[in-house]
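A lone chain, given as structure tokens: the form predicted on its own.
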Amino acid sequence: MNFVAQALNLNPLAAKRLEERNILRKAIIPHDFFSDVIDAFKLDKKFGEFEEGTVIARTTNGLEVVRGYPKIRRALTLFPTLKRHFKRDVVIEEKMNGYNARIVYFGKNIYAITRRGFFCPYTTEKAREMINESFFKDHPSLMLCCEVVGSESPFVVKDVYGKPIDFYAFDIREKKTNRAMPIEFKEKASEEYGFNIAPILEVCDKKVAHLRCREIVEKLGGEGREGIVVKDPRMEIPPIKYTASQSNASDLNYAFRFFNDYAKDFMLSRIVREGFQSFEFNESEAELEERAKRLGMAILKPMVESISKVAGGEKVTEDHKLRFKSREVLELFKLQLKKMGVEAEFSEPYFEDGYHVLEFSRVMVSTTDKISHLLKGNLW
């Protein structure tokens, strides 16, 4: 705990109180796979200048601080928001739909840290396979902030990208300060070291950005993609995100499938987004009706499917299939899910095409129990 106090510029008693209040928690399961990390803690809430998900690690190279990824604020209107927020040309980048991972290098190995601050065995194994460690040897103070996407995701399963799993860096930042590198640096590093970056769709004058963003978002939505992030080329101004209507509906579909676990957090903000977007796009009655139907189906259909599932004696689950090079890492990942409080039912792993394959169902306990309770005639 003394090393945490040192990193956060606290006295040891103050650091201990953070742990007692569950703001500071263990970030890693001790294992040889994480051999360069002697001990690590994460912040479960923002503390002072340090973001939620910030990791403090004692490593074979010494003390390391990996700042949490700052929250990106959302535009509900493209005009005049973009014109007011930015000072010059803007970069329009695709907002990919996956889960967040910060890729860092400690000792002699790459490590992947999730948004909440866990060292993830599965993501770490994939990152070591797919990301060139030379980048970190040449730039030891930097981290890659990546969106991890694909059909073989432990957290956000998406088939739209046509890949089992892949990494797309959307930012390159200093680990200790969170200072973001300019877009040009990211592009050059991607070319030099061979890693993917989130697609840069256009660079344009801020005066016309709202028009171009609308066209791009409508196209992306029709392709089942999430939306955009609008950035200052120098990364001196915080970026702004904006999502397609189809993505809002997809989120609601997910949330209401597991309505007692997620729906309250998901519903209001996404419906408000839809209202502002419909207004700004000056939709006709027919277009508004189509949007309303899309949202209504996204809310109602998955909920009915979940009710039917429980009525038939099944549990409401989210199903995953992951491939591991190492059986040991597979078992470590199962321990990680348990540490995260995830209730899951695992199949017996099998070997296929050089990989250990794990299929598992994450049980949505709250939704399953709520539906079962109500179907027995109990009151809401």
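Note that this is a predicted model, so its numbers are computed, not measured. From 1 onward, residues are counted along the sequence shown.
What follows is about the form predicted together with adenosine-5'-triphosphate (ATP), which we do not show.
Interface residue among R234, K71, K219, K83, judged by heavy atoms within 4.5 Å of adenosine-5'-triphosphate (ATP) in the predicted complex: K71. Note on contacts: among K293, R115, K301, R179, the single residue with a heavy atom within 4.5 Å of adenosine-5'-triphosphate (ATP) in the predicted complex is R115. Partner contact region in the predicted complex: 95-103, out of 303-311, 255-263, 95-103, 206-214, criterion any non-hydrogen atom within 4.5 Å of adenosine-5'-triphosphate (ATP).
Three-residue candidate spot A27, E64 and K175; no residue lies within 4.5 angstroms of adenosine-5'-triphosphate (ATP) in the predicted complex by any non-hydrogen atom. Taking the partner from elsewhere, K158 is found to have every heavy atom lying beyond 4.5 Å of adenosine-5'-triphosphate (ATP) in the predicted complex. Looking at F170, you'd find a heavy atom of it within 4.5 angstroms of adenosine-5'-triphosphate (ATP) in the predicted complex. Using a 4.5 angstroms limit between non-hydrogen atoms, I110 is distant from adenosine-5'-triphosphate (ATP) in the predicted complex. When contacts are judged by a 4.5 Å heavy atom cut-off, I165 does not count as touching adenosine-5'-triphosphate (ATP) in the predicted complex. Looking at 226-244, the residues that come within 4.5 Å of adenosine-5'-triphosphate (ATP) in the predicted complex, counting any heavy atom, are E226, V229, K231, K241.
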